[in-house]
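As structure tokens, one chain now follows by itself in the form predicted on its own.
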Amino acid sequence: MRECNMVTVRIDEMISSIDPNIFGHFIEHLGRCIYPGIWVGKGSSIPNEDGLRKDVVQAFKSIGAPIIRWPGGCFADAYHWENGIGPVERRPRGINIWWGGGESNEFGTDEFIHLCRLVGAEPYICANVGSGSPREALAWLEYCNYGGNSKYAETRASYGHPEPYKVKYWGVGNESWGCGGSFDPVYYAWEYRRFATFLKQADSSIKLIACGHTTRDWNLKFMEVLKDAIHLIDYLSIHYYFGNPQRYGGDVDFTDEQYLNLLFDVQNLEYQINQAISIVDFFSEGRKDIGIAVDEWGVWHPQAMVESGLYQQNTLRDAILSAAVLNLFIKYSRKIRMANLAQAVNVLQSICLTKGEKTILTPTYYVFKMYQSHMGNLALKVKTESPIIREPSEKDSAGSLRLRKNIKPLKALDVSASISQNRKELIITLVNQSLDEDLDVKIDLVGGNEVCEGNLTILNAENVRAYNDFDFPENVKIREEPLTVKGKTFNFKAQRHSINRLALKLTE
């Protein structure tokens, strides 16, 4: 056993409560995500509940999906919500200016809320700022949340939904620096302030998400304008896609070096998170605790093009990346309060893929299944010692000088840990990112009770390029086995390119 393979979990050093919303998802009117990935219509031969695919609803439910973001994405800032309510057959058809083709508007607000209710997820609606108005956003809020006598509350009731939906999370635009209107940060800040003033006045219970960016300049200028209206901001969002074909290769065809490049670049996301945190803390400290929402994230492989509906295959490598990213979110749970994988079905880094009546679960789905155990727990400090599997090189020097100064080697082990609120269960999620070496790991628990029993869940395959398809839907799946461990120190064998969840019961 290598002495350097060691994980120290500080049970007595808690970071923060882990918001379940960091394990959230995102759906957009793009490719086959909504049609037919989620909505097939009530008359479809595909098993459905009021037009929603039962198998996809079950996939969401089985991972405890806490929040779903909709309708976009770029689609949001060209979407006029009133076109998507009322009898489906009478809804006007439109065009999808960003992703091509027509839009039937069959899947609208009522269908989205019904999906969330079936799943048990909170709805997160992204309002149209780019081509919309505060008046339109207010009407949408009234339709969703008002329970009295008003035009839009009565309209909702007339369509069979007398009780208000009580939608808590509202995004004020999407990527306003780009497809959301090509605003500069100062102009967007004034638009945000205008929208947010009316929305908060109409319903003070809602949480508003402001559109941030992965440029320090955008976030800094935006927050500077809003410094006297901090009360209007609940979250600042950033989006982060891993998309570099030369550096990462394709969805299935990639070299060992490209595999390591992808995992190495998780620290670029960490850098962007730290930048966003430092800016919101600087402007809001002592007045309001503003959270960070990474409300679009994932791998964007070159196979995912507009012409293909942004469809790509999902390998064990993608699962390992998602585990590393979720470990990162847990590490920063003091400020990261929401994150949404892009996207849930048939588009980019999906949790499931559909074909006719069939649905398969991707390796990334199983990561969310495993990490469900962290939801609502208290994140713990973790120290990891393991072999370095990739050193920084000159090729990693692109980007800002500040980023270059923070580049670190990639270690084989990537770990997060949390403890239940009642202090009776410890969850350790451990990724062995090495392509060629199983690791004997010593786990040391400091500052808490001993372990009396445990259970191990493993996600792995013979090859890191393995994936599930409609002919072989279970090439990559989890397996569970008992874990014989006792005391505060024990050894554990982590297989090469594997994701492991250790669920440990603690003594009273």
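These numbers come from a predicted model, not from an experiment. All residue numbers refer to positions in the sequence shown, first residue = 1.
The same protein also has a form predicted in complex with a small molecule, omitted here; what follows describes it.
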item: Contact stretch among 293-301, 81-89, 376-384, 230-238 - heavy atom within 4.5 Å of the small molecule in the predicted bound form; value: 293-301
item: Contact assignment for the small molecule in the predicted bound form, among A59, V476, L30, I67, heavy atom within 4.5 Å; value: L30
item: In the predicted bound form, the residue from D265, E175, D251, E191 that sits within 4.5 Å of the small molecule by heavy atoms; value: E175
item: Check all three, Y35, S350 and L353, heavy atom within 4.5 Å of the small molecule in the predicted bound form; value: no
item: Contact of Q343 with the small molecule in the predicted bound form (heavy atom, 4.5 Å); value: yes
item: is_contact(W99, the small molecule) in the predicted bound form, heavy atom dist at most 4.5 Å; value: yes
item: 4.5 angstroms heavy atom contact with the small molecule in the predicted bound form for I427; value: no
item: Any non-hydrogen atom of C74 within 4.5 angstroms of the small molecule in the predicted bound form; value: yes
